[in-house]
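Consider the single chain below, provided in structure tokens and representing the form predicted on its own.
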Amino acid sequence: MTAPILEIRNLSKAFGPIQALNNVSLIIPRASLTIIAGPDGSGKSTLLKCLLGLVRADAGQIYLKGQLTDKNFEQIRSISAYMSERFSLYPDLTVEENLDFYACIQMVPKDRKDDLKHRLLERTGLESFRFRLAANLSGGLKQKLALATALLSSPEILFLDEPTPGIDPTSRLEFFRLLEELKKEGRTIILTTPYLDEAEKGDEIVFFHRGKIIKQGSLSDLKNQFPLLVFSFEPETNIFEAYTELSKLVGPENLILRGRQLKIFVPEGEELIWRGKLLRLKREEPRLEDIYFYFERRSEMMELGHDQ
């Protein structure tokens, strides 16, 4: 059986009193898109930086192609490219000049540089913008340029740290189309995002919360194996009063307030009687955000010592 390209075992990292990573274990298959989803401060970026040796983990092991890295991160860096969440290219250089500069930094052979640069410009749709200053590009084009510079080294692994905030929906779709093509070519992509709709595009979805993995799996597995039924309910009474009363009935971890609507998680076959009458609930297929919020609440309740 082929070893995964990366395996993380019991990785932990603290910054003073803040536990950024708490005993994280994760397997990254080859030629896959793994999406790590969670809010800001949940440990997503710290994980990527630990994998590249930009931040030293306090404990745990990292295996590359079945071999323990043993704190020698040059093995991972030599076959990887990292795209940070902040646009880090040179705004006073053109698109082409940025590519030339990063090709030089990455020591791309001269006999390959021009052909590689041309193919990347074509692939990312930047050919017609090659003489435009990076400062004058839209958010979506900046991210495409950042991706193109990352691809100059022909990496096996791409680490993308929140690459899409601030870009329009069309550019986001185009960006993920590029990632799908790269994956089909055999590249392994690890992407972090705070957006759960983006997480649906992953082969493997990993939910992060307070430095821990609270749930992971494919989109179909997360939905099919969700342990509760999801119902929506819009009370006629004050929404906050209804939330308070129903949380006592089903438990706060099984209730989400969204606008004028309440999402209720209940076991199959269980009837819900509120104020002496059976509630009329609308059955829904669990959405990814429902699944995330349920396991987030469950994790928080467990941390508080409540039995689940």
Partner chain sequence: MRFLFLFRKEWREIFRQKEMVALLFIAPLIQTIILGYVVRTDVTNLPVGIINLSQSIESQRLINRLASSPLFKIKFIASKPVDAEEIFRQGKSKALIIFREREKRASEEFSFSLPEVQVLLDGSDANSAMIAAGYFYGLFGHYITTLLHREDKDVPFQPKTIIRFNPSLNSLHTMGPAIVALLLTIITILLTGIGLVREKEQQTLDTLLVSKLTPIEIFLGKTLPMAAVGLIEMTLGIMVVITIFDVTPRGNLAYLYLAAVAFLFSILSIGFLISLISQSQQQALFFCWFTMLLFLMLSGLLTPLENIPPALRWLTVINPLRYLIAIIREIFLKGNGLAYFWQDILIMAGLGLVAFLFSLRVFRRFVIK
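For clarity, every value in this text was computed on a predicted model and none was experimentally measured. Residue numbers count along the first chain shown, from 1.
Here the subject shifts to the form predicted in complex with its partner chain, a form of this protein not shown in this document.
Exercise for review: Among 188 to 196, 122 to 130, 166 to 174, 103 to 111, mark the stretch whose residues have heavy atoms within 4.5 Å of its partner chain in the predicted complex.
Suggested key: Every other range fails; the passing one is 103 to 111.
Practice item. Find out whether any non-hydrogen atom of T94 is located within 4.5 angstroms of its partner chain in the predicted complex, and reply yes or no. Key: Yes, T94 is a contact residue.
Check your understanding: Taking 4.5 angstroms as the cut-off for heavy atoms, does L89 touch its partner chain in the predicted complex?
Key -> Looking in the predicted complex, residue contacts with its partner chain include L89, since a heavy atom lies within 4.5 Å.
Exercise for review: Considering only heavy atoms, tell me if S84 and its partner chain come within 4.5 Å of each other in the predicted complex.
Suggested key: Yes, S84 is a contact residue.
Check your understanding: Would G41 sit within 4.5 Å of its partner chain in the predicted complex, counting heavy atoms only?
Key -> So G41 does not count as contacting its partner chain.
Review point. Quick one: of V266, L52, I28, A242, which gets a non-hydrogen atom within 4.5 angstroms of its partner chain in the predicted complex?
Key: Looking at V266, L52, I28, A242 one by one, just L52 meets the 4.5 Å heavy-atom criterion.
Point to revise | Residue among K183, R77, K142, K212 with a heavy atom within 4.5 Å of its partner chain in the predicted complex | key: By the 4.5 Å heavy-atom cutoff, the listed residue in contact is R77.
Check your understanding: Of 10 to 26, which residues get within 4.5 Å of its partner chain in the predicted complex if you count heavy atoms?
Key -> Sequence-ordered list: K13, F15.
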